[in-house]
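Listed next as structure tokens is one chain, alone, in the form predicted on its own.
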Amino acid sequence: MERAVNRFTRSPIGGNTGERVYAILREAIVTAELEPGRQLSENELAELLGVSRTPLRGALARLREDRLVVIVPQLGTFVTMISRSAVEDAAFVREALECAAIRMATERITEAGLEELQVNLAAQERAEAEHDADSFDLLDEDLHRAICQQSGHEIAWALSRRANGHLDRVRRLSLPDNTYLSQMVTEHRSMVAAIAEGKPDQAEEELRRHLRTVLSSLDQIRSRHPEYFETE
């Protein structure tokens, strides 16, 4: 849980205690600090996070809706295994929302908005050069969020992220591979270039290709981490 708490402090999320607990637990599950199949103790988590059980239970209920935990009557709460169908569902939702958003962003982006994307890209390139997967991941999220903001429909990012838990889990398993980081930076560069050139069709095509990268490597990732996946 230490890495999840540290990431939370690096990228603070507003809201009440329940929102913060949800963010930290989601991060710990997505990064496999709370590994698939693990039983969660409400008492231990409450003590570790310094909160009462009320916001903790609310956070766990939200994580159940996200399909990241399962609550088994009389047995307890468990982190779900990674599910191929859940990954594919998440990819479907994210592609639908973000491809619509990037088209609108391309048509209405401001100079300041484009500069924000370029600054983010430069920071991604530094993270890639330093093999800093954690920093890259924060920047990756910020880039996609910024594109949705520029579309005028920031809710697209909120909904995409909420549905994205299983896809995020698979993507995070890929991050330690610097070849993957290099590919992600190259694809982000192509997306931003299409936005800058005012080409919505190309921007959508580049984003669609980018979002499908994780799905195309799903079997390879599963072969490296079979203990994290549901049996088929």
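Note that the structure is a prediction, hence the values are computed from the model and not measured. We call the rigid core the largest set of C-alpha positions that still match within 1.5 Å between the two forms. Quick note: we count residues from 1 along the sequence shown, nothing fancier.
Unshown form predicted together with the DNA; subsequent notes refer to it.
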- prompt: For the chain shown here without its partner, which stretch in 192 to 200, 163 to 171, 50 to 58, 24 to 32 has non-hydrogen atoms within 4.5 angstroms of the DNA in the predicted complex?
  reply: 50 to 58
query: Applying a 4.5 Å heavy atom distance criterion, does residue 77 contact the DNA in the predicted complex?
result: yes
message: Please determine whether residue 16 contacts the DNA in the predicted complex, using a 4.5 Å cut-off between heavy atoms.
response: yes
query: Counting only non-hydrogen atoms and a 4.5 angstroms cut-off, does residue 179 reach the DNA in the predicted complex?
result: no
query: Given that the partner is absent here, does residue 40 sit within 4.5 Å of the DNA in the predicted complex, heavy atoms only?
result: yes
message: Using a 4.5 Å heavy atom cut-off, which residue among 122, 158, 71, 96 comes into contact with the DNA in the predicted complex?
response: 71
Did residue 194 shift 2 Å or more between the shown form and the other one, C-alpha, core superposed: no
message: How about residue 45 - superposed on the rigid core, does its CA move between the shown form and the other one by 2 Å or more?
response: yes
query: Does the distance between the two CA positions of residue 203 reach 2 Å or more between the shown form and the other one, the core being superposed?
result: no
